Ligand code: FAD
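Presented as structure tokens, the chain that follows is alone, the form predicted on its own.
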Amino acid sequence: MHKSDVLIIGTGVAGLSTAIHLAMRRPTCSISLVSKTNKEECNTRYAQGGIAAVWDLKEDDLNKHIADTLDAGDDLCDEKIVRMVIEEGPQRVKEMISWGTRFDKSPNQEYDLAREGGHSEHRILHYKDVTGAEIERALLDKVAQLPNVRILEHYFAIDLLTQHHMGYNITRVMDNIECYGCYLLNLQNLKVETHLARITVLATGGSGQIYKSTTNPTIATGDGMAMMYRAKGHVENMEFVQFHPTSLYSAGGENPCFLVSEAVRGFGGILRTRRGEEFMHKYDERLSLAPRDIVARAIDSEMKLSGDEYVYLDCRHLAKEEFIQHFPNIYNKCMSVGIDPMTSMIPVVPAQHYMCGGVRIDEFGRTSIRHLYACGECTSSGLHGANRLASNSLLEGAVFGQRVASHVSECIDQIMLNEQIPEWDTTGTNDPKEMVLITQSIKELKDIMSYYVGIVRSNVRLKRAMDRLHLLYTETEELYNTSTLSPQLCELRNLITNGYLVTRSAGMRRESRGLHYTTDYPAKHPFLEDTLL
């Protein structure tokens, strides 16, 4: 049994920001950060474009950024939260810079601000095309300077500890559920350890691996959202799954897909059909810089009309030296597969990219479970609504990380450890005899979600998905209850839960809005259905 004052699950921008701010506020507070692989591996690391913040007050202002966010969110954002994040965002970025984060500058030494889809002004701070990796590096360096923070690598979070583990019956309508920490699977020895904490924070990222094509790393299996749902906590708006319009097409398939940043279109890249014709004018007056939901559906429509497997992103007219300077990673990747972006168009297809729904939180990151907070992509904070504005994700993680730390530092002294939680019980379990059952079930899940719960949906497709997911769920729970734990089995269980939540939420929303488009309700906003689960 292990004990911490605060247990933070996840080492991306949200989890690291929480740990840094809390450690500096409360230097005697013991903080444990959990990573299920190496501490550097997280969704944050793969963010290319940048972080959105109002920086140039001569050309930009907070109200413009707020308006752009509300517009992208298709009337489902919480305006109070939007205003809060965008007003506090510049200060959080300044802190990142003070901790060593580098952003690109122009020759006059002012920050080189980019523009991306849905933004009315240039306000994206970036470091080449590896902004997330640079932020991750700087935050980890800062954490290493804080003696009261320890990082537990290669630990898999299995379940949140609540009254359920003490023998009490817990239901979703109860308002007094409490969190006491988490069961963690030590991946070095495959033993389950009990980690108690006065406060637990979920910062576990998204669940892109429920789809065949995703820009998310293989660890993005929705662990936090699945644990929250099993603990009878509230999740919401899971139907809003963002598909990035432009991942690099690969005939053989890649996991994860290689992302061709939105910033390339902000830099002047133009979408074209395989015949070389522009098409975005048919869908939105903002052309290739329309919000992601619009661009992804436009590409999906053009591919279905033509029967093509991809469209093109044309960068041939752009200045070569500037392109390579801004996008060295993208340029090198294209060249490695035989595509010179300066002479040939880049084949691209939409791929799952970001979850806009998740664990429901308030302005301080509090969840419906006491002593449990959450921040980052695993949450539904009200910032993104029905569709995330480009480069608002890193901003959200930084702002809510600070706000969680602020609230926790004020209330933690009133919370005691609960040491009555029993150790993990392995009675009646055996090593799984056929791992192929797990790998094949993951493949089936990805097929179900990609074919039936993708960019365009219908009631018939969603019904078929639910029927097949129920069968997978039943088989997997039987396997889980009789097998010793492995990370593959735990991930499968979480992926199925996330697939169910997305599919059920999509079925409950009988309208087309933002990232959720259904052929049964194609008109915009006929009526709204609550999708709180």
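Note that this is a predicted model, so its numbers are computed, not measured. Don't overthink the numbering: it's just position in the shown sequence, from 1.
This next part talks about the form predicted together with this ligand, which is not shown.
Chemist: Even though the partner isn't displayed, in the model of the complex is Asp223 close enough to this ligand, meaning a heavy atom within 4.5 Å?
Modeler: Flag for Asp223 set to yes.
Chemist: Can Val502 be called a contact residue for this ligand in the model of the complex at 4.5 Å between heavy atoms?
Modeler: Val502: no, not in contact with this ligand in the model of the complex.
Chemist: Would Ala14 show up as a contact with this ligand in the model of the complex if we use heavy atoms at 4.5 Å?
Modeler: Ala14: contacts this ligand in the model of the complex.
Chemist: Closest heavy atom of Trp55 to this ligand in the model of the complex, within 4.5 Å or not?
Modeler: Flag for Trp55 set to no.
Chemist: Given that this ligand is left out here, which of Ser32, Gln48, Thr497, Thr69 has a heavy atom within 4.5 Å of it in the model of the complex?
Modeler: Contact with this ligand in the model of the complex is made by Gln48 alone.
Chemist: So which of 392-400, 406-414, 455-463, 339-347 is the stretch with heavy atoms within 4.5 Å of this ligand in the model of the complex?
Modeler: It is the stretch 392-400.
Chemist: Quick one: which residues from 330-359 get a non-hydrogen atom within 4.5 Å of this ligand in the model of the complex?
Modeler: Contacts from 330-359: His353, Tyr354.
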